[in-house]
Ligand SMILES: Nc1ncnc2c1ncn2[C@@H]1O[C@H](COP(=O)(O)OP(=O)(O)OP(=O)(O)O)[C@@H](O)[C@H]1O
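Coming up is one lone chain in structure tokens, specifically the form predicted on its own.
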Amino acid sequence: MVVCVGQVVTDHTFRVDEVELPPSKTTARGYARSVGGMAANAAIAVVRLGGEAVFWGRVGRDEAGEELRQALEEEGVDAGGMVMAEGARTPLSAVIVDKMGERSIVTYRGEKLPSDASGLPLDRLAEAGALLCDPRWPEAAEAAFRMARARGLPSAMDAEKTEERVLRQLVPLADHVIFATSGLTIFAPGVPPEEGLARALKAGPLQLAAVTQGEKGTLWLAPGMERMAVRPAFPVEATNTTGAGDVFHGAYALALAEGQPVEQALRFASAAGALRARDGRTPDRAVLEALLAGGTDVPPVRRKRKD
């Protein structure tokens, strides 16, 4: 079981040929409404990949909030701990996806969502195999990370783009921190990725610091390594990159819960993220295992020439 803490939003997705610069008017070729948000997408990925997921997040006690709760439960996610706040407004996003599958997102983070996390059922972490938090509810993430560390429960952080103070607050508390490129730039501005990852490792007793770079793969560093390593991306033709990073993090947390070693967990997560980008939907375990068995991400071995 993986406990996922953080963001849930209603995604309004518009498919267009081109994202034009303003001022402009663009006709969408398609539209869909779905569950979005980093931790929520990760929780759905955990379930589809064969695990159990518990989601803790914040919504308003409004129609959109109730729809999100129901949608998560229909996916098999335990959303009983989700806070539904009176007088608050539920977050939503406008997602614009172009013909190349690249997306632009405008997110409204809601209004009057409570910061207090004292009501969360933290004792449920005793049932879990791993914890995953994003930075959108930092008070809850901090409480969960501290409890997980006290229990010896593996924890991972989706270190997305957010305020620098939030990254400084949370990075030292997690065991495995996987940055987006923008998040690492905020955490360690003006330095190469390897130096940024090294700074993250030094911030706390981390077991892994990594940064995802889409089709360029994932750079990662662990204690005792002389230099950072690269986890190659699986070569796929992307149709919609929305949520690919969220699925990556959910798969990585599930791999931790299953006891997979770091390199294997990164490969497992990379495959899940690639499939999400390729198909525009979160894969099940059978599809993921088929891609892993293909070994298409393995770089060729360079052998010394015999003279």
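One rule holds for the numbers: they count along the sequence shown, beginning at 1. What you are looking at is a predicted structure, and each value in this text was computed from that prediction instead of being measured.
Beyond the structure shown, there is the form predicted in complex with the named molecule, which is absent from this document and is the topic of what follows.
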Pick the stretch from 250-258, 59-67, 45-53, 269-277 whose residues have a heavy atom within 4.5 Å of the named molecule in the predicted complex. 269-277
Would the named molecule be touched by all three of 134, 169 and 172 in the predicted complex, meaning a heavy atom each within 4.5 Å? no
Please identify the residue among 107, 185, 213, 207 with any heavy atom within 4.5 Å of the named molecule in the predicted complex. 213
Can residue 103 be called a contact residue for the named molecule in the predicted complex at 4.5 Å between heavy atoms? yes
With a cut-off of 4.5 Å between heavy atoms, is residue 234 one of the residues that contacts the named molecule in the predicted complex? yes
Answer for residue 238 alone: is it within 4.5 Å of the named molecule in the predicted complex, judged on heavy atom distances? yes
Hey, in the predicted complex, does residue 36 get a heavy atom within 4.5 angstroms of the named molecule? no
Taking the named molecule in the predicted complex and a 4.5 Å non-hydrogen atom cutoff, the residues of 238-265 making contact are 238, 241, 242, 243, 244, 245, 246, 248
